[in-house]
Every structure is written in structure tokens, then in C-alpha cells.
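Have a look below at one chain only, the form predicted on its own, in C-alpha cells format.
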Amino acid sequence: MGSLRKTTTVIIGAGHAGLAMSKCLSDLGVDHIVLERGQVANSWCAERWDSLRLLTPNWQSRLPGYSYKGDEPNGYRSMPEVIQFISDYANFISAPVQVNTNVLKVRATEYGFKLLTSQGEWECKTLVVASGACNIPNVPKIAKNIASKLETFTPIQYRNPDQLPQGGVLVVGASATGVQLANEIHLSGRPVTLSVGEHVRVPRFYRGRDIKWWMDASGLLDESYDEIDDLRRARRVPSLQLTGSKNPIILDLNHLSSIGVKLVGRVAGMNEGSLQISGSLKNITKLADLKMDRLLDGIDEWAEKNFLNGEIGKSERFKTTNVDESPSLAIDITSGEVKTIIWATGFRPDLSWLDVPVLNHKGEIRHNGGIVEYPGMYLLGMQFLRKRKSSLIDGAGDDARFLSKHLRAYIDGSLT
């Protein structure tokens, strides 16, 4: 296993967040190592489906000291392009990454922290957890009862429609992942049913600009965690119903319905050979429409205040979501009509290796804007960590700049 090695700071994870922190710590002269279980950008390499593209435009991939320099600023990166971008960044900043190093256990010591890894032990004064928010699919308990009857996949296991048996597919979850997979699988010729729970509907383009441009320019993405009334809820908001395809479309429920995808409510349970479906579909879609209009109203107000009305397209409102007045309330999974279920029901981090008393009753790290409730420990890359954009590539830089300064002050003993 090798001898014990020491450093001031260990960063766990060499994705965009961990690398952003590495750059900031280097700038501050903090000795550190970045431990990565696979290769740089590992989750992008191994845990994404083939056709996936970033939901954010290329210009929005900004990391400390580094940004997009290509000739398609308004395009959306494919997964190989994302991997290349992050790998190039690691090389650009000369990040001290140790690859193929699986962290097995972290515990607190008098000095700071001790890490047992697949490549030996490390001791450090400060620790940065940047291992990702999307390590484990959040699959409902009823999935265990279904696995023996049907083929089931999570988005981490899914690569393309060729993996799936011929026949009907039920996609559970209608956030970014669910709507993209429903669209792709339908286009492969399979009948698709989409189970719709809470979701966030936004247009890909509004008044001639990408919705992400509006959210960035108006300051919405820079909203701070300490300005939000219900932070717990804000941190659980589903991903936007968007696609970053080469020829981007408005991939909302109306589009999916128009091409033949069947919409039903959320999966509520199982009774014998049937999935029970909630009757709340219409209410859920009304709420999503209401929130979208509220967002667009805010954009219109900001555009008027900033004298943009003469430069941009006219204000518009999109058609309300059209759903069946009496959708199916049960799906028979024994008839052979449905052959596959894909659980696009979200993710959670894998913190099974963390043996430090920092987890709440839900297994989440207790923290205040990334400053963990344990001296010397920091968190990066989570949803709404410090800003609304924290989980985006574009959000890691601001969070890393702040937290690296706090870490430096902690090391120096100068925290007030």
C-alpha cells in the first residue's frame, strides 16, 4: 500500500470543481494533491449516455484562468468535448492529480485528516470534498420489485437505445435527463411513456437569446445561498427541462406529446402487476407553467430596466402544457407492452467513505456555503452551494475562489 504521505490539503475528485479548487490553492501557495478514483473528468467519461451534450452554451464554461476559445460560443459541448475541455484545464494549471486512486476511508485526526486509499495513505490538515453530486442514482424502493419482471436502467447505465429490447419503454422522471431520453428513445422507434413529476419548464430561447444568457446577464445565477428564503428547497430544484442538442429544440412536454410520447403522472406505488400513477399530472404541469411565466416576467422587467427592449425580440408567452384530462392511473407491467423502465429520478453523492461526524439524518454533509461543520473541511460542486450556479462548470470558480481563501486563512490561523 505504500508509506504515509503528507500534504497540507487533499482534494477528492478531479472534475471541474476539484480542478478549480486546485488552481485557486496553487495561486494562494497551498501545497495540495488531487485524488481521483479514475481518470480526470471520470464521471463525464464513464457515467454519461452517448448523445448527451451540456445544457449550458460553450461560452458559459468558465473556470479560474480559463475559458472557451473556440468558434462556436453558442454551441453545446458533446461529452468527448467536455472531457477534453476538463483534461486540457488540468494540464493548463499543472494540477497535481493522482489518478486511479479510490478513497476508501477518511477519518479525523489531531492533525487534521487521514485518508486510506487504494494507493496508500495520506495525511492532511485540510480536506476538500469535490467528488460530485451525481454518484448514485436515486431509484425508488419499488424498483427492486420490478427488476425481475422488466429490463431496468439508470441514466448511469444507459448509453443509447440499441441497449434496450424492442418494445415499450417507461421513462420515470421529466427533468433534463428524462425528457432527453424519452425523445431519443422515441426516435429509435420504440413506444415511450413518460412519467411526469415535479419539473422546471423553461424555453431554450427567449426573445432571441439563450435562456442561460438571460439567467446569467440578469444576475439570477449569481443569487447567493444566504439570500434565499427556503434554501433546502432551492437545493432540491430539479434540473431545467432543456436539451443542448446540435440543433436545439424546445424539448418540453408539448413537444414530446406532439411526436407521440405518452404522458402520465408520477409513479406513486405498485399493486400486484401494475404501477400506480398519481392523478396530479395536470396540477404539476400548471405549476411548472406558472413558474416559467414568473421567470419570463422577471426577465422582461430586467430587460426594460436595462434598456434592452429595442435590441431584442418581443416578449412572448409559450403555450400552456397540454395534457390528457384523464390520463392513465395504472400501467400494467405484466402484459408485455412495457419491456423497459428507465429511472431518471435524480442522483445523490456517494459519501460511504467519509468517517467524520458531518452527515445529517439524510446522509448529506452539513455545511454553510461549502464550509463544512468540521474545522478544515470544505465542500464543492453541489447544487446551490454558494450561488444558484454552483453545480454548473461556470459556478465552480466563484465558489473555489471564496473557499480557497477561507482555507488559507484557516491554515494560517487568521480566521476571525
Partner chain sequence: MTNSESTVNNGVNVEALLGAREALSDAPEAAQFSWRASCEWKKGTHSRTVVEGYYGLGEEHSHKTSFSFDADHPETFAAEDNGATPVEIVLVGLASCLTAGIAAVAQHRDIQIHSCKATIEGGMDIQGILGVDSEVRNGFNGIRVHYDIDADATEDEISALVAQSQKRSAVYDVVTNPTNVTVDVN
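Residue numbers count along the first chain shown, from 1. All values derive from a computational prediction rather than experimental measurement.
There is another form of the same protein, the form predicted in complex with the partner chain; it is not shown, and what comes next is about it.
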None of His186, Arg266, Arg201, Arg204 but one has a heavy atom within 4.5 Å of the partner chain in the predicted bound form; the exception is Arg266
So which of Leu295, Val172, Ile277, Val97 gets a non-hydrogen atom within 4.5 Å of the partner chain in the predicted bound form? Ile277
Are all three of Glu301, Glu304 and Arg401 close to the partner chain in the predicted bound form, meaning a heavy atom of each within 4.5 Å? no
Among 109 to 117, 248 to 256, 341 to 349, 226 to 234, which stretch sits within 4.5 Å of the partner chain in the predicted bound form, heavy atoms only? 226 to 234
State yes or no: in the predicted bound form, is some non-hydrogen atom of Asp71 no more than 4.5 angstroms from a non-hydrogen atom of the partner chain? no
Would Leu329 sit within 4.5 Å of the partner chain in the predicted bound form, counting heavy atoms only? yes
Is there any non-hydrogen atom of Leu287 lying within 4.5 Å of the partner chain in the predicted bound form? yes
Residue-level question: is Glu325 within 4.5 Å of the partner chain in the predicted bound form, judged on heavy atoms? yes
Which residues within 338 to 361 place at least one heavy atom within 4.5 Å of the partner chain in the predicted bound form? His361
